[in-house]
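Shown next as structure tokens: one chain only, the form predicted on its own.
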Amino acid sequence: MAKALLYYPGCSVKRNSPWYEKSALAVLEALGYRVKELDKWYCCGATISLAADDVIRHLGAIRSLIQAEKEGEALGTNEMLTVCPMCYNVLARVNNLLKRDREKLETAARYLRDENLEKYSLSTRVIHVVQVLHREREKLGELVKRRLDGVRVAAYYGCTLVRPKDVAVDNPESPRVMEEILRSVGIETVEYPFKTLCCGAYHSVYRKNIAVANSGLILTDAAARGADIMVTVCPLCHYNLELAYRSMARKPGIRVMYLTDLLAYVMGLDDALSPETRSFLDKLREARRELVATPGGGNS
């Protein structure tokens, strides 16, 4: 019987990263999950308010959490899936805030009179796709259809997946979950020191030089350590890493893609991949196979 998950897509994934959504959902379906998008969801707010009394800033997140609890009861799950780390971060932190401080929930109730907040039990658990993939990594290994021998991958976490500590999917200082997922499908990973360095985040809007500098450092260092691919799970990180790559006069030999794109490829889920991603991986796989097969060959 398929395991049920409610899915909160968020704004940036729907608008800017449709192939990420497609590959993520395809991988989850192959793992035996029945993923249902929320019938009604609202923008999470993109960032969490740092003002303790700014409950109104969180109303979009609260509405989505309420909706998830309602729909989750009918679906038989209390888990709400996110694929965007920023959505995950905001929703999980707002959920924790309401659990710690019922007064905040009462304040929200005054704004959301039509939501019957007195019935809200705070039972929804916000999870990120990386957490699901990590707990299913043994099964992922069983579903591999293609090997990527000789291909080396650097995992990039960014900020909101591992900070702050109370919502981190792994150790904020030295996360390993993505590397463990990659190794479960036979992919060699590359260690480098900048996997949790901020990519520049929203500075790409008004101070593009900051995003280019930070993301350029991340890409250059990983490439220098032998990475062919850098995987991320964040649409904003993906945008900034690509922005930096395009801005470089001397481009490092590394390609940026989503973690779930790479998983979909090795699992043979070709319909979930963009033609460009599929073509790149086919060529890289063949090149590495030839290199490995050559006497004395290997990554330099």
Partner chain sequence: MDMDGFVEEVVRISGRNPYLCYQCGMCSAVCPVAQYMDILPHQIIRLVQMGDPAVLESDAIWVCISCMACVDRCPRDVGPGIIIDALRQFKLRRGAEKYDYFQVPELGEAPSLALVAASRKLTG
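These figures come from a predicted structure and were not determined experimentally. Numbering follows the first chain given and starts at 1.
In what follows, reference is made to the form predicted together with its partner chain, a form of this protein that is not presented.
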query	finding
91, 227, 84, 182 - the one with a heavy atom within 4.5 Å of its partner chain in the predicted bound form	84
Among the candidates 147, 165, 139, 102, the residue which, in the predicted bound form, approaches its partner chain to within 4.5 Å (heavy atoms)	165
Among 249 to 257, 264 to 272, 24 to 32, 37 to 45, the region lying within 4.5 Å of its partner chain in the predicted bound form by heavy atom distance	37 to 45
Heavy atom of residue 207 within 4.5 Å of its partner chain in the predicted bound form	yes
Interface membership of residue 279, its partner chain in the predicted bound form, 4.5 Å heavy atom rule	no
Contact test in the predicted bound form: residue 241 vs its partner chain, heavy atoms, 4.5 Å	no
Contact flag, residue 283 vs its partner chain in the predicted bound form, heavy atom cut 4.5 Å	no
